[in-house]
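Only one chain is shown below, in structure tokens, and it's the form predicted on its own.
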């Protein structure tokens, strides 16, 4: 297959996925793009937003569209690490231990309301998110390929929640903050909901939801996803772009209003995400627009304001804008 034909095929494949999601989820185009970026770069994604913004529906729709095994875990205060990772169980018949693998052994794990779980449960994900393996007893198991975690959290509610530690936040390539839909989008959401009707089953009837519209038929083949992932690594990143990324990350460490700047993982994430965004937008090279479009999602959850800056009413978003503006001048 020639490079131009392959490029057209990948463009059609990505467009078909976005169109499929658009049939179920209204708006949220940026969230779809960020999810695709995470998929194509094997990065993890944290979605932050109020309940009812179709986060779970979006992830479910994308996983069904691209041949991925999907598991959802509702994080709660009483959740145990073994509920996610699995455990070793004693077989009474053989008097030997056998391994019971948990829901983390999947391609796409949706960690719903991750900040409701106790720190020991959050910590159990660290090895899996970084090394893509799980240790149960004396055995270590590799996770399926691809593997990524998409987690959600409510940014407002504090009762019964535990703030994610910096080490875990740094494992997330992107943290995207969802907003409410526009007036036009919300009108379309209501129109579509009006047409859902009811489903008759087992002699009864139940009102249908948007989840009933999610199709089990996948788009393309598993090889298409592999080809798209490989294509990301062919996207050209210039030396100037690389130096620009290093400059921005370095500025976050030296800014007087920040007590915690970005780690080297932030720079790696910017370049990986920029490559994937370039592919999604039909380019074979990364441009500054990719960097500035992704900077907030990559960097904002990795920086911490100083006590003095907080007392003065400054916000991480304001400081990041200063850093980005200074890098342009």
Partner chain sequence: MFALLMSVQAQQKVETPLGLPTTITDLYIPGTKVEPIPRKDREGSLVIRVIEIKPAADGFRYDLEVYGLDPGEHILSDYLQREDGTSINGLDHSAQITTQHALDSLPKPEELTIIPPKKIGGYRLLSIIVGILWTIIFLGILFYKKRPPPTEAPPPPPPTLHEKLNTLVNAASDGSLSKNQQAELERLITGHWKQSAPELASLSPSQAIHQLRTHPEASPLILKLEEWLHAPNSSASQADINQLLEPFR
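Numbering follows the first chain given and starts at 1. These numbers were taken from a predicted model, which means no experiment stands behind them.
We do not show the form predicted together with the partner chain, though everything after this point is about it.
Checking 211 to 219, 172 to 180, 238 to 246, 113 to 121 against the partner chain in the predicted bound form, the stretch whose residues place heavy atoms within 4.5 Å of it is 238 to 246. Heavy atoms of residue 271 never reach within 4.5 Å of the partner chain in the predicted bound form, leaving it off the interface.
Contact check for residue 304: every heavy atom lies farther than 4.5 Å from the partner chain in the predicted bound form.
Proximity of residue 284 to the partner chain in the predicted bound form falls within the 4.5 Å heavy atom cutoff. For the chain shown alone, residue 325 is a contact residue for the partner chain in the predicted bound form, at least one non-hydrogen atom being within 4.5 angstroms.
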